[in-house]
Structures are given as C-alpha cells and as structure tokens.
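The form predicted on its own is given below as one chain in structure tokens.
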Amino acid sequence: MNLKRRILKDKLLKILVIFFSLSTLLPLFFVLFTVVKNGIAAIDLKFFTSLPVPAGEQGGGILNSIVGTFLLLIIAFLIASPFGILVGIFLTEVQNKFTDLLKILVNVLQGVPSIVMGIIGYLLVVKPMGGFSALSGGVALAFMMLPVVIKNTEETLRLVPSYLKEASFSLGTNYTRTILRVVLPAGMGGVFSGILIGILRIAGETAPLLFTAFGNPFLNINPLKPVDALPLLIFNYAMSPYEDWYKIAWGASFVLIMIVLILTIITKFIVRRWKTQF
C-alpha cells in the first residue's frame, strides 16, 4: 500500500512538473507565433535590398538597418572581446584582494540597466566627438557585452586541465607563452562561445542606441556617422501611426529573431564540440 502511494505521488509530481513547464513556455510560443505570422507576410526580396521610403509610400526595406546592426556588433566585438579575454585570464591566474574587488565590479557592471549604458556612451563618445555615430553605439554595447565575456572566459579557463600548464612549464616555456599558447587555445572553444553569448545579449538592445547610434534612414558604413539598427527601427516604427511602418516593424522583428536563433545554434554547436575535447 505504501509503495502504491509513492508511485502515485511520483506520477502526480511528474504531471505537475510537465504542466508548469508547458505553462512557462506557452507565452514564449505565443510571442514567436505572432512574430513569425506577421513578420513573414512583410518579407520579400526588396525588403532586404532596399532602403526605407517616406510614410505613405508602398514598399521600402531595411537594408540600412541590417548593415547598421552588423556594424554595431562588429565594433562591440572588437572592443569587448580582447579586453574581456585579458581580464578573464587575469581573474583566473591571480588571486588577491584586487581581483576580489574586480569580480564585484564585473557583477555590478552586468547589472547596470541598458539605458544607463547608453548615457555612458553618450558622455564618453558622443559629446567629445560632437555628434552621434556607430562608434558610440558600439562602445555602449561593448560595455554591456564585456562582463559576459569576462565571466565566461574566467569560468572556461578554470576548466582547462592543470596538467597542460604543468607540461608546458616542464618543457621550459615561460609563463606568458604558456597562458597564450597552451591554456587559452585549449579553452578557445568555450571562450568563443562566451563571445557569441555576449553578442546575443546585445543584439536586441534598443535603449543604448537611442543616445548613441541615433538612427539613419540612409545606408552608412562609416563608423563615425549615425547608423540605424534593427532594434532601433522596430522601436521607431512601432511607435509611429502608420500601418505600413507596422508591417515593416513586424518583418524586422522576424529578421532579428532569426539572427539570434542562428547565433544560438552556432553557440550550442561550439559548446558541444568543446566539451567533447575534455
């Protein structure tokens, strides 16, 4: 009798777990279904190859926003990746009061609201340069990406077997070469996945770009001039009173989700390949 009661409790618990799991996923599926349904209807070839048109005119695309998004992500990547990797190595190899303080600062930076990052980018880049630019937007996004890269690098390098470092030292290799030529390459798969996770973190951010990149209806690849981005276009078009712009906003939302999905799949693949090495 006691065994039957335990089996019944186990089945009830499994049913409750499945029910609540599906309940948490339903809003996500509803959002994805709505975006896909409305977004696909707005997409055609010209949507990717043409520039926006004035309100009231038919057609128009998001070429400038797509190019601007990748330009901002590239700038953020070039700034945050090397600095984040170096700080992650430092936190892994050095243990003192300064590193303890640095870890606290990294956690604080990770919790700073995105709109504050936009204000910081405005103060550090926009005001000294005297205008909005892709560079200022990239700097603001790099601040948001930085703690993700630092923490992932630190955690990844701690998983690298210590015998690799010891073997390198036994062959007479100095400390710097051991870290850069042995330890870092061994964990590069995990480090790179952390960089991609950081890019996923900033790909859909809008608030920092309002104060930095500002937006641009024309195609621009100059990092010293304003650029548009998919999150910025979605925000501006969704706030407008024009039906045509709503349609473009849905299409841009679908494109942004597809970009994030592709990067997520690549990240999962890299993480799985790296784990099989150890």
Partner chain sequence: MEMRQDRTFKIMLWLGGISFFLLLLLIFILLFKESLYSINAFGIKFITGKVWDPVNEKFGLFPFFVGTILTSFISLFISLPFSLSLALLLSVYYKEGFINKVLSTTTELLAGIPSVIYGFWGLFFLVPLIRKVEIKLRIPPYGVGILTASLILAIMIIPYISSISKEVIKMVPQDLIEAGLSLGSTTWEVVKKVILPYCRSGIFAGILLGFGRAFGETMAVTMVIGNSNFVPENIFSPANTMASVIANEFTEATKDIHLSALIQIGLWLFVLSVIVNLIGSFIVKRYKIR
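In this text, all values refer to a predicted model and were calculated from it rather than measured experimentally. Numbering follows the first chain given and starts at 1.
What follows is about the form predicted together with its partner chain, which we do not show.
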Note to self: Heavy atoms within 4.5 Å of its partner chain in the predicted complex: which stretch in 118-126, 158-166, 67-75, 188-196 meets that?
What the structure shows: 118-126
Check: Of L63, I221, A41, V35, which residue is found within 4.5 angstroms of its partner chain in the predicted complex when only non-hydrogen atoms are counted?
Finding: V35
Notebook entry, point to check: Is G130 close enough to touch its partner chain in the predicted complex, meaning at least one heavy atom pair within 4.5 Å?
Noted result: no
Margin query: Can you work out whether V182 and its partner chain are in contact in the predicted complex, taking contact to mean some heavy atom pair no more than 4.5 Å apart?
Written below: no
Notebook entry, point to check: At the 4.5 Å heavy atom threshold, is V53 in contact with its partner chain in the predicted complex?
Noted result: no
Check: Heavy atoms within 4.5 Å of its partner chain in the predicted complex: does F269 have any?
Finding: no
Notebook entry, point to check: If you look in the predicted complex, which residues in 203-219 sit within 4.5 Å of its partner chain (heavy atoms)?
Noted result: G204, T206, A207, L210, F211, F214
